[in-house]
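A single chain comes next, written as structure tokens; it is the form predicted alone.
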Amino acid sequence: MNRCIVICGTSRGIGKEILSELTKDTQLQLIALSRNVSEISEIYHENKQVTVIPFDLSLPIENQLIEYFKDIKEVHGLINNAGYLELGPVETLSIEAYHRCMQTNFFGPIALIKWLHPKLFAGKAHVVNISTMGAYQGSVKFPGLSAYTASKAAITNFTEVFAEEQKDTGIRMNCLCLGAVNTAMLSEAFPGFIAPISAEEMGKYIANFTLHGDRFYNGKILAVSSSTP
């Protein structure tokens, strides 16, 4: 039986590369969730391995997914890659900006995990949450990213508690805190900065970790960065 992997946030950057890497294993059934599906729908419209679903983390989960998942009994992997960044100093950044970051980076992924839980349980799934080095304790912090890093820190802490609660179910969860990667989001936050890692390289790493990392880790917060600290 094919393993089913769900990837949330696949329209560009790392998520797009994760999906591309996973398609190399033709035994995988891949569910690509994305708010903007025009490009990936064009890429995969003839690929029966990939199902592309329009999906918005700010909207009710079941209304968007129930028809697509009605025949899927088991989910074996879930990658929460979607991210939203608001840039600005604390004194001028609106509370609504904090809410938007929390919705996409924390509340939305939690709602998705909760809705998929019966299928994650059936598949003894490995759930991989994608966070940032800015949410990793003791790392270098950057001005203007308080809303983004705080929301990513929330999913980071959630990972540890969820894994402890679910350790007897077979569901395993880990969190990867990524360093700088050459993506559109990085360019928007730090114009002109060139990261040492490409989105393709990071996508390959995350795809491989999702398929195999749960043999070695559960409930772990892992720094995926070549920078120090």
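Each residue number is its position in the shown sequence, starting from 1. Computed from a predicted structure; not experimentally measured.
The form predicted in complex with a small molecule is left out here; the points below concern that form.
Though the small molecule is absent from this view, in the model of the complex it lies within 4.5 Å of a heavy atom of just one residue from A82, I113, V75, C101, which is A82. Residue in contact with the small molecule in the model of the complex (any heavy atom within 4.5 Å), chosen from S58, S41, Q49, T169: S58.
Here the chain stands alone, but in the model of the complex its contact with the small molecule, taken as any heavy atom within 4.5 Å, falls in 173 to 181 among 173 to 181, 41 to 49, 156 to 164, 24 to 32. Contact annotation for the candidate site: R12, T132 and K152 all lie close to the small molecule in the model of the complex (heavy atom within 4.5 Å). Although the partner is absent here, Y148 sits close enough that one of its heavy atoms falls within 4.5 Å of the small molecule in the model of the complex.
Contact annotation: M185 falls within 4.5 Å of the small molecule in the model of the complex, judged by heavy atom distances.
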